[in-house]
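First, one chain by itself in structure tokens, the form predicted alone.
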């Protein structure tokens, strides 16, 4: 085992909700006529936010499905995948049955490598981390909680609605009895500041990891974030504002002159197309 540190890549920008966004919260009390399914809110401000765990979990799940779909093709490149075959252990009801989705987590089956070395050689666990049965592999990606931008906080201060109560009705197919319910969601157009940090631990794996991270973000833009995505909720878009590389020397001296940034990219797609611009900031630092 070995672990090194070369610096951190900081990706900052805004997440825009293109359609209503619902990331649910636990209800403490029930009120007649109240919201049945509230969104999660910052307890200090009462404003909705996107938990980093929700965003990271969604990025990981989409990337896991991508890797599972190309598993046979990727085995030659990533030795950590060689013992898996496509599919889920759910049908067998036993963890580590040899299929890719091998771990049960609260009745949900996901992929998690069991050892450090296996995770080190798995594109999913190397990037997003693994809590293995035998040893852990720390995530190279940190996804911060995303809070409303100042522009949208100001709109809220001026009385503009940040969330809406959307009425939905389930209808019994035999009796036609209606079961109305209200779901709270963040209004379309709302923007949140996001920050994703990638820790550079191996110069030979930087391009691969960053490419997979951006691929996951691109997959999310054509999928959904939060609940009820198949019914129109949760379409989001990333607006990239800044890409910076903070090398080891910055943390040794605090000298901001050591920080390097790329030009601005408007979208994840544009950044992915120019991934070498980011990689070129990093590799010279490692010598």
Partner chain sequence: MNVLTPLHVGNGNELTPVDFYPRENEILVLDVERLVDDLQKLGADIEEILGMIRNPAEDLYVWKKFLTEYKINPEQYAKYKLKVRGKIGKMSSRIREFIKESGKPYIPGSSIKGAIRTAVMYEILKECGDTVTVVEALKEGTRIAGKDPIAIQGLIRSIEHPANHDILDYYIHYINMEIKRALQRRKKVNLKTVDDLLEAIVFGFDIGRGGIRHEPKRDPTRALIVRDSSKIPLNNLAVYEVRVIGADVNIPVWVEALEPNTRFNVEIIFDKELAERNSDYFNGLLWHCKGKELEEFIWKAVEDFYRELAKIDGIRGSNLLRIGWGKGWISNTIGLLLKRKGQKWEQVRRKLGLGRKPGGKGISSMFPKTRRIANGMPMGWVEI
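Owing to the predicted nature of the structure, the values given are computational and were not obtained by experimental measurement. Positions refer to the first chain, counted from 1.
Keep in mind that the form predicted in complex with its partner chain is not shown, yet the notes after this line are about it.
Residue contact with its partner chain in the predicted bound form: residue 222 places a heavy atom within 4.5 Å of it. For residue 186, a non-hydrogen atom is located within 4.5 Å of its partner chain in the predicted bound form, even though that partner is not displayed.
Among residues of the shown chain, residue 154 is not one whose heavy atoms approach its partner chain to within 4.5 Å in the predicted bound form. In the predicted bound form, its partner chain sits beyond 4.5 Å of every heavy atom of residue 259. Listed stretches are 72 to 80, 137 to 145, 175 to 183, 119 to 127; the contact stretch with its partner chain in the predicted bound form is 175 to 183, by a heavy atom cutoff of 4.5 Å. Counting a residue when any of its non-hydrogen atoms is within 4.5 Å of its partner chain in the predicted bound form, the hits in 153 to 171 run 164, 166, 167, 168, 171.
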